[in-house]
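Below sits a lone chain in structure tokens, taken as the form predicted alone.
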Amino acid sequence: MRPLDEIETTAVFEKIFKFTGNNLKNIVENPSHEGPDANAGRYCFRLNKTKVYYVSESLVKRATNIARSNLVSLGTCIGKFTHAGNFHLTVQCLSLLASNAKHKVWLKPTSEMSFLYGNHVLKGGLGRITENIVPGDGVIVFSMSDVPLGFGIAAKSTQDCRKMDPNGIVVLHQADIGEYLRMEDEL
């Protein structure tokens, strides 16, 4: 497990910034109260093979006693690099993104299951939407009871959503909590 190099850090931060905006600072500077140290440490990003982990520094120090070949996971897996070098966020980072989200969408109870099966969010299933969303922005999808369900990319702006027909796509699906069941062997 090693720290991210400059290119990898840029790719990870650009992807997270798409969903959190200026709240990325809260993720990077988040104090960690894990471990035996009395003073609060920090969280950091580490790479193990192709997966990127968000882990406290005290846990990283204690994990140095474990051989790299034996280390399977450490902290929260937030994403992975593809063979082409692109970075993709995984559903495990949902809690991190939801607490620092810039743009949010709330679904009606009738369309929650459709989203959890991997479908895009349609205008007819939209309960509420935050202002100033631009097409291409990262959006966190919540239930009406504020439970984070997943995330995606905005297909339409907030103003365009008000004028479109009920079958139009508002958010393009990227990940949802239903993946824990659908892809349990890969996670």
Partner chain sequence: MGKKGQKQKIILPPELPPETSDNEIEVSDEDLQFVDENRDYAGFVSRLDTQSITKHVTRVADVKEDALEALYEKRLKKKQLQKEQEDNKLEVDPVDALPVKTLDGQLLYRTATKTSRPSEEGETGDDDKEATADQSVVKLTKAERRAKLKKSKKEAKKQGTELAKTEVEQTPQAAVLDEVKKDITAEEAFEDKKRKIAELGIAVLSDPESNIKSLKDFLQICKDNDHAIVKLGLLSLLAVFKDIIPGYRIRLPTEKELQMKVSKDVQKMRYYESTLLSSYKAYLQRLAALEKQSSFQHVAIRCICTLLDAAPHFNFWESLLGVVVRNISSSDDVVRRLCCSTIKSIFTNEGKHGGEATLEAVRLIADHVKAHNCQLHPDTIEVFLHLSFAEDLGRSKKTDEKNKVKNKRNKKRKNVEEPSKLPENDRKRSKRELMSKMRGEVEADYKSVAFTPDVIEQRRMQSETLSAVFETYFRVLKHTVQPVAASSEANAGASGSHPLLAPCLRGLGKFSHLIDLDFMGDLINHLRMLAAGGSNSENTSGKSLTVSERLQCCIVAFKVMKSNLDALNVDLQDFFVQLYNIILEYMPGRDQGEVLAEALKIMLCEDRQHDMQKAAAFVKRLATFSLCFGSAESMAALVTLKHLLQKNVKCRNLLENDAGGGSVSGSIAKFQPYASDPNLSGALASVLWELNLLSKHYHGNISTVASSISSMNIAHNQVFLSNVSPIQAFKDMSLEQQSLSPPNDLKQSNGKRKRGSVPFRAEHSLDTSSVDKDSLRKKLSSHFMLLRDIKENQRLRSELDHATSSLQLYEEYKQQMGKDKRDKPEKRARLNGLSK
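Positions refer to the first chain, counted from 1. What you see is a predicted model, and the numbers here were worked out from it, not measured in a lab.
Just so you know, the form predicted in complex with the partner chain exists too; it's not on screen, but the next bit is about it.
Consider Gly127 of the chain shown here, and say whether it contacts the partner chain in the model of the complex, taking contact as heavy atoms within 4.5 Å.
-> Result yes; Gly127 sits at the interface with the partner chain in the model of the complex.
Heavy atom to heavy atom, is Ser99 within 4.5 Å of the partner chain in the model of the complex?
-> Yes, Ser99 sits close enough to the partner chain in the model of the complex that at least one of its heavy atoms falls within 4.5 Å.
So in the model of the complex, does Arg162 come within 4.5 Å of the partner chain, heavy atom to heavy atom?
-> Yes, Arg162 lies within 4.5 Å of the partner chain in the model of the complex.
Close approach of Thr158 to the partner chain in the model of the complex, 4.5 Å, heavy atom = Contact check for Thr158: yes, within 4.5 Å of the partner chain in the model of the complex.
Single option in Ile66, Val134, Val28, Met144 placed near the partner chain in the model of the complex, where near means a heavy atom within 4.5 Å | Contact with the partner chain in the model of the complex is made by Met144 alone.
Do all of Thr10, Arg46 and Arg62 end up near the partner chain in the model of the complex, with near meaning a heavy atom within 4.5 Å?
-> No: no residue has a heavy atom within 4.5 Å of the partner.
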